[in-house]
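Okay, here we've got a single chain as structure tokens, the form predicted on its own, with questions on binding and movement later.
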Amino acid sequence: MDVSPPSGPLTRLPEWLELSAHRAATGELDLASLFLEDSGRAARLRVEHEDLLLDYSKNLVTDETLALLAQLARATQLPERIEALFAGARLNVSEDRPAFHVALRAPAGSESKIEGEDVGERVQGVLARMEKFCLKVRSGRWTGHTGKRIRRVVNIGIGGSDLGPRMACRALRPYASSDLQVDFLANLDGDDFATRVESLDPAETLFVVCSKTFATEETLANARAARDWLVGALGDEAAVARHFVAASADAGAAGRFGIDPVYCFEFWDWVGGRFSLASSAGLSLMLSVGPEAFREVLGGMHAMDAHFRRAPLEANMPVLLGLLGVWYGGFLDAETHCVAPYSEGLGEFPAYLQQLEMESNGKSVGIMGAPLDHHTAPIVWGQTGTPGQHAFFQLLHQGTRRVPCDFIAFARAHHRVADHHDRLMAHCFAQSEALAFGSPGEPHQACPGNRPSNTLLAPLLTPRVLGQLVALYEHKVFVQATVWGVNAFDQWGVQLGKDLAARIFAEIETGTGPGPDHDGSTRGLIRRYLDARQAGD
């Protein structure tokens, strides 16, 4: 299946040039005028699918803008690449493999083929093993080395093996078992490790080592420290097999660590780390909320997959979010994008999206290996409302930079506390209104408005709704990668720092000090560190 991007620079495409001319002709659009002149704008510029409502009417676009963006999407072969994604094509061209995470949430019995091989049965087999194991742990039938029930789970991972399950566990805390507390260890910082384990009873703790390759430096360093801590406390190497399980594509490496291969839950090289929540990388989430709720997450993901695959571009939620981002970054000079969930449960969602978007699309070289002549991913940032209102919303309202914003909110809360939720929602709706329309006043008081935003509204933060949200943003990333002509499924820029760190660690560990091939600044920093460490010893 040939899904190569169009030849030549994106900015030379007729569709891009039409958008540039449109931008010049319309000048600075005014949201207040757009709403005043079009009484049907709010009703027209919205999309609903299952539980999610996307209101995108407060964006600096006209119907013509949206039509031209859809033309650009077609010119960059977005419909064809969507089909290629669902067909298991080798879209990760730099690593010559598919990016087939949609197969992880396809219903049992459906066909999920990669180059003629149906992987659906393998996916369902791993899910069944995960469910069986989780039910044993959650019921108390799986015990630790001393016979005690497991009451604490620590997920050891980093990047997609940490941010996804960490975010989801916090989001779905109302559905979590009261008998099992799940925590996360990612940082390569001894203070973080010490803080995590100080409250643990080794006899009641299960570690989930989550690493596709079972070779990630930070994850293995923390896993080895946890194993030493456990064996030191329980006095028996055999304890490892009852207190460690793995989510990994390398059962052999997990076995050499001491993990029983029966409890190494597989995922595959066609699953990218930041797209892996629906795989065995979500084992800690399943332990927390149970197999049924985990299946609901998968169901929500699949529902959004189906919408993304079948809905026309003009009424396709991920496509619209992606194209709006292309518009702001390519034509309105927006450099950042704010995500403001009005839900404490989604407190980790902005950090999750940072990796999903910035590691996927933070590229300056196109899929064919040529430098790009346009900007790609924005800097993604954010915080929950209302704390964010008292931290950075001042800049959103009166700052000099244009910052498109996504508001995410829910009609109901899991816990009714006085009139808190009504107040919370009032703030959410007020912020998007204030950003869009501003207010007059003295120069230091006036808010100019005309600041764009989307609002996503759902009834309640349930497992199914969370799955829809995750898949929505996954596909938004794919849309933008397609238009910008980058590979969303590799991350070679991360490797350079890893390689340099390995060299520097060897110089520190052996005591030889910095080699001559480092720059003067780095040599000085290494020497200063070694001197300070020795003085501390």
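Numbers follow the displayed sequence, beginning with 1. Only a predicted model underlies this, so the values are computations on that prediction, with no experimental measurement involved.
The following text describes the form predicted together with a small molecule, which does not appear among the structures shown.
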Q | Partner proximity in the predicted complex: I158 to the small molecule, non-hydrogen atom cutoff 4.5 Å | A | yes
Q. Is there a heavy atom of D305 lying 4.5 Å or less from a heavy atom of the small molecule in the predicted complex?
A. no
Q. Does at least one non-hydrogen atom of V494 fall within 4.5 angstroms of the small molecule in the predicted complex?
A. yes
(Q) Please tell me whether any heavy atom belonging to E348 falls inside 4.5 Å of a heavy atom of the small molecule, as the geometry stands in the predicted complex. (A) no
Q | Partner-facing stretch of 320-328, 355-363, 80-88, 187-195, counted where any non-hydrogen atom is within 4.5 angstroms of the small molecule in the predicted complex | A | 355-363
Q) Among S288, S211, N222, S280, which has any heavy atom within 4.5 Å of the small molecule in the predicted complex? A) S211
Q: Answer with one of P341, G273, G467, G164: the residue that has a non-hydrogen atom within 4.5 Å of the small molecule in the predicted complex.
A: G273
